[in-house]
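Below you will find one chain, with nothing else, as structure tokens; this is the form predicted on its own, and questions on how it binds or moves follow later.
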Amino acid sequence: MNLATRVARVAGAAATILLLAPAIAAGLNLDQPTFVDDVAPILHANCVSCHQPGEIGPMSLSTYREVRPWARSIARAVENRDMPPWDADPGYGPWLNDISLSEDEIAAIVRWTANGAPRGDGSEPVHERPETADEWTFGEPDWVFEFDPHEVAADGPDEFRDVPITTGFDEDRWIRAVEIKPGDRNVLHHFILWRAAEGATFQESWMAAWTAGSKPYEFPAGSARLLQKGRKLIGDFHYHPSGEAATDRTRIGLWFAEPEEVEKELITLPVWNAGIHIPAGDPNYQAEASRVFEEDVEIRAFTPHMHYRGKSMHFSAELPDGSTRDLLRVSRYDFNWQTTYQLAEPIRLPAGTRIHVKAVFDNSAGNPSNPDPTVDVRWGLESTDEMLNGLVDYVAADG
């Protein structure tokens, strides 16, 4: 597929997303919504990709018979904006991968439930699974690697493994998409795919990652990750015992771009603070981190990362002229749904811009996810430690 085709496809997809939501909202019957006419199209467009057999959702939501018993729970989840899992505050973006519901879509589901969740007349809409959904998100990968099975004990400390991968490529490869298929989501805390340094097996450059709730990432049109000939990849595993013994068989799939399709190398800049020290019981501990861009850049995406005590994260830019610009605020960070927020349009920032990341943590007993509110918490790799890491994907603006 040439670059023009890929650009057109991405642009078309973005346009479809932006146009479809108002179209659905405009046709909603907010007084007497029914499943057939109003609710099913919303669920099919925003929820069923996860809520179907074989996917991460705990129940299937494709048909009226499947949805009806869960009507009240669905209404409560969408009204609280717990579902679909999209935590970016309103007013930022627009985002290419935004799955949040509009106010009218939420109102339709809530009113439908209050009215007794009627089915409505006529045939139900049928959710058609994409042809590629049974195996890989972007079709058959150009290259697949399966790690050897790894046994994870039922209990004990977290386990960390770095597994070198010899690719055997006899020429440079540009990678346009990566999908990571965890073998057992219950024990795999996260997985990072790194490019190794030349002639070595230590980490040099971030390629892709999987965390709870994350989606496969097709890089913005015209950009790709570079894997030079002879370089190894590194599979960076973090396991957290779940109380039951498990066997993990993680796989990765890569899709390549032709060199003429690539205009820019996509780089991930980690903005972190390893000096955090969160006092026991503190419900509102704040810490910051920053990095400076030494060239003009175009920002393509943001990924907030904290652990169980993470409460909120805010990305902003301090420009060389002293002005500031808000980039993204996530006021309700959820460790179980970690998202890469992909910009529909890149944000250009000049050389000398300082990216600020401000994070807030809740180490109190009022945080239901807190493993232990009686202990001080520092930066660390264990799940029960904490991290302040704001990842920024960018390309050079020029050259």
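We call the rigid core whatever largest set of C-alpha positions still superposes within 1.5 Å between the two forms. Don't overthink the numbering: it's just position in the shown sequence, from 1. Keep in mind the model is a prediction, meaning the values are calculated, not measured.
Keep in mind that the form predicted together with a small molecule is not shown, yet the notes after this line are about it.
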- Taking heavy atoms only, is M59 within 4.5 angstroms of the small molecule in the predicted bound form? yes
- Query: Applying a 4.5 Å heavy atom distance criterion, does C50 contact the small molecule in the predicted bound form?
  - Reply: yes
- Contact label in the predicted bound form: A77 to the small molecule, heavy atom within 4.5 Å: yes
- Item | Touches the small molecule in the predicted bound form: N46 (any heavy atom, 4.5 Å) | yes
- Query: Picking from 183-191, 324-332, 287-295, 94-102, which part of the chain touches the small molecule in the predicted bound form when contact means heavy atoms within 4.5 Å?
  - Reply: 94-102
- Scan P84, P125, G281, P118 and let me know which has any heavy atom within 4.5 Å of the small molecule in the predicted bound form. P84
- Which of T166, Q228, S73, T247 has a heavy atom within 4.5 Å of the small molecule in the predicted bound form? S73
- Look at R185 and decide if its Cα position differs by 2 Å or more between the shown form and the other one after superposing on the rigid core. yes
